[in-house]
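Take a look at this one chain, the form predicted alone, written out in structure tokens.
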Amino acid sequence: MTNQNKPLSGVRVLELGPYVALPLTGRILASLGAEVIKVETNKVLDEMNFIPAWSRGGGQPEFQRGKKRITIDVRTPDGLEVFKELVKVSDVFITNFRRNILDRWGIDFPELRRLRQDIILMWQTGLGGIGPYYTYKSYGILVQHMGGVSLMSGEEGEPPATINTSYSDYHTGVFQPVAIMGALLRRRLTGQPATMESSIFKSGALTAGPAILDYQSMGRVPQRIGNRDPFAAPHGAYQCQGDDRWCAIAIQTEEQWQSFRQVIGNPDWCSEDAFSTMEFRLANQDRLDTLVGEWAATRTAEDVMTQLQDAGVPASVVSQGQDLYESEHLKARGFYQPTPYYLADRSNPAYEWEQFEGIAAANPPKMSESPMDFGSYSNIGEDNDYVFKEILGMSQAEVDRFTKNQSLY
């Protein structure tokens, strides 16, 4: 399929902003055929360039794939003028910088609208563009606490726990492309532009929906119960043979319980009154977990999973990075594709990157008529000549002059 047949073919997106949610938005738009131009500068690199340690590979192939990556320092007069010329030829502008920052740089929303009246503006915020918290700066892990997710995470009697990633950024990065595509369709039908604002806080609070409903209807707040479930027992992650190897087991029905008993050899304790019904098993989970754990500890996580699944009992290995990397299922679905990575010493002010080949994740959706492109991966500034010369029509002398004065750097 050619790019001309993609849903967003002919749409140009200008992206200005770091971290996860905004670059993920641009990556999804690029995979659907949009020409996404990511504006960066080698003077202040996105922190995601260095995850894992000193590696551009951690986040960059995942979030920057398929984009044209250019270097403009909009804080310089010449860089600002080049950036404004790009605004004039772009359909969509997406950013996660605060408005006072954009205003300081001379590219606040009224100025962008003046440069191109029908441009679609997507402003990603931490907590929202209006309201009591609108001036606050936030990050995804912090929003887990604000959004109520951490209150439901952790062991009973222990403090709230977080997922060790920017949980809500990934939701925001998926919601925003949908809004942008809706705005583009509206513009195609009516000619009207759009200014949109989304927030990581709202995306995170959305995932706490059942807790909000429970409070409205019953006046209850979530309780931390670790890996347990109010309607299933045994229910948890049980340690198996090997280094930090676990298998999750979830038994919800009497049929599953009977199958589980057969798999583990129907030991005497299974016939005790304390485990004869789901109600009793829920009331005696501490001892039940100990007994199930003793059985699992004598086997590998893969053996526990396979035996239980074959008997119709829900079970799964708790995957480590190696499990995902070696997953035959993900490989069969084309989830991993070759990509370059770049390594460098973060303390080196020259940022001299060493390239090596690895793999990165493709977009999960599979569509029969308009498959999502995996896309090529450019280094920072690799597409300067294409954007500055072919799109903007700048001469080599102009590019050289602006590069020399570090406006394009």
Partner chain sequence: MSFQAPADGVLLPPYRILDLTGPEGVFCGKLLADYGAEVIKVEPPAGDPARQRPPFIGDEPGLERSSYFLFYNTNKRSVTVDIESPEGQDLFKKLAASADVIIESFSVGYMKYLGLDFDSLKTNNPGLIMASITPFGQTGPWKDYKSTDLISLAASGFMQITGDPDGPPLRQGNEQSHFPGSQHAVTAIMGALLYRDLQDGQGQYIDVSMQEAMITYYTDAHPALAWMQRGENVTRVGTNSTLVIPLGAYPSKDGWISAGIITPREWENLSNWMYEVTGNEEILNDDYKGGNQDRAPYNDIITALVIDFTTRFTSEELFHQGQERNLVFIPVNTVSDLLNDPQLEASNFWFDLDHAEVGTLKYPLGVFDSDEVTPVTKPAPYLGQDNDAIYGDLGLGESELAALRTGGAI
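The shown structure was predicted, so the numbers you read here are calculated from the model rather than taken from an experiment. Numbering follows the first chain given and starts at 1.
Form predicted together with its partner chain: not shown, discussed below.
> Is S370 a contact residue for its partner chain in the predicted bound form, using a 4.5 Å heavy atom cut-off?
Within the cut-off, so yes.
> Given that its partner chain is not shown alongside this chain, does P132 nevertheless sit within 4.5 Å of it in the predicted bound form, heavy atom to heavy atom?
P132: contacts its partner chain in the predicted bound form.
> Using a 4.5 Å heavy atom cut-off, state whether G381 contacts its partner chain in the predicted bound form.
Because no heavy atom of G381 falls inside 4.5 Å of its partner chain in the predicted bound form, the answer is no.
> In the predicted bound form, is there a heavy atom of its partner chain that lies within 4.5 Å of any heavy atom of E62, even though the partner is absent here?
E62: contacts its partner chain in the predicted bound form.
> So which of T95, S199, T71, T76 reaches within 4.5 angstroms of its partner chain in the predicted bound form, heavy atom to heavy atom?
Exactly one listed residue reaches within 4.5 Å, namely S199.
> So its partner chain isn't shown here. In the predicted bound form, which residue out of G293, G242, G154, G106 has a non-hydrogen atom within 4.5 Å of it?
Only one option qualifies, and that one is G154.
> Spot the stretch among 273-281, 85-93, 293-301, 138-146 with residues whose non-hydrogen atoms come within 4.5 Å of its partner chain in the predicted bound form.
One stretch meets the cut-off, namely 138-146.
> Residue by residue through 221-237, tell me which have a non-hydrogen atom within 4.5 angstroms of its partner chain in the predicted bound form.
V221, P222, G226, N227, R228, D229, F231, H235, G236, A237 sit within 4.5 Å of the partner.
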